[in-house]
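In the block that follows, a single chain appears as structure tokens, in the form predicted on its own.
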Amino acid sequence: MDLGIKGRRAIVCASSKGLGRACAMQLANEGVHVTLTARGAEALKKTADEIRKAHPGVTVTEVAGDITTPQGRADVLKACPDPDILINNAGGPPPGDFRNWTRDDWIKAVDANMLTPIELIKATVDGMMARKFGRIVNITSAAVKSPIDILGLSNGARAGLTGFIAGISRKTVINNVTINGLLPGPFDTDRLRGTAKGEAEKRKIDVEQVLAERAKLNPAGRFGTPEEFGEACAFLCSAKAGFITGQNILLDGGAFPGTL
């Protein structure tokens, strides 16, 4: 299927690794010019070079920096001031017991996982509406639908973003600008393997055993692949998806047990 976005311009946040990288790769596969940003310059360059090699006709711009800071956002927007596509993504805050979190912990979580996406939307959405095309995808978490008790900082900050989007996405769609959330469950990424490694060390067992146990618990019997996440993201960004807005789409292998 031709997604109808060849030649469009995209900003993809936290795109050096994992799900952000997969989204950037798939958008480039569709002929989208991509501006990548992440804190790790080395990993970011590696991803950018891989895209350039695979798609010589696509312009790839890399901006090393922290998207959760005003300077990080300013640098990305300077590199791509008028994106047609915006993929909001940032690492989640650490787990823990809410009794131990300070106000500073909460502010940091809200800043990264709620206010940063809102600031980027604020900076780009009017241009999208004026041009009559825009696709904004917020990579959040399956915890938005099914909260995880030790991830309270993430639950709260991402739920706040979700509530904000529920309102604004109904105002932008008349100008062919959609805003949706992609909610990943367990995907085979460095982050998932990192938590599995910690559990393996604690239980004094092999990390592959922990991964196998976790995968077996999912109805699909496996973890998701970053590639299939990127493909779902690309479709939401496509010209074919203009009637989808304000939605929160779970990619979790059926783990969420609810009807709605």
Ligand code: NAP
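Quick caveat, the model's predicted, so the values are computed rather than measured. Numbering starts at 1 and follows the sequence shown.
Not on display, but discussed next: the form predicted together with the named molecule.
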- [ ] Tell me, please, which stretch of 25-33, 231-239, 59-67, 196-204 lies within 4.5 angstroms of the named molecule in the predicted bound form when heavy atoms are compared?
- [x] 59-67
TODO: Answer yes if any heavy atom of A90 is within 4.5 Å of a heavy atom of the named molecule in the predicted bound form; otherwise answer no.
DONE: yes
Open item on the list: Using a 4.5 angstroms cut-off on non-hydrogen atoms, would S169 count as touching the named molecule in the predicted bound form?
Closed with: no
Open item on the list: in the predicted bound form, does R135 come within 4.5 Å of the named molecule, counting heavy atoms only?
Closed with: no
Open item on the list: Is I139 near the named molecule? Define near as a heavy atom within 4.5 Å, in the predicted bound form.
Closed with: yes
- [ ] Identify, from the list K45, R222, R191, R52, the residue with a heavy atom within 4.5 Å of the named molecule in the predicted bound form.
- [x] R191
- [ ] Would you give me the residues of 35-53 that have any heavy atom within 4.5 Å of the named molecule in the predicted bound form, in order from first to last?
- [x] T37, A38, R39, G40
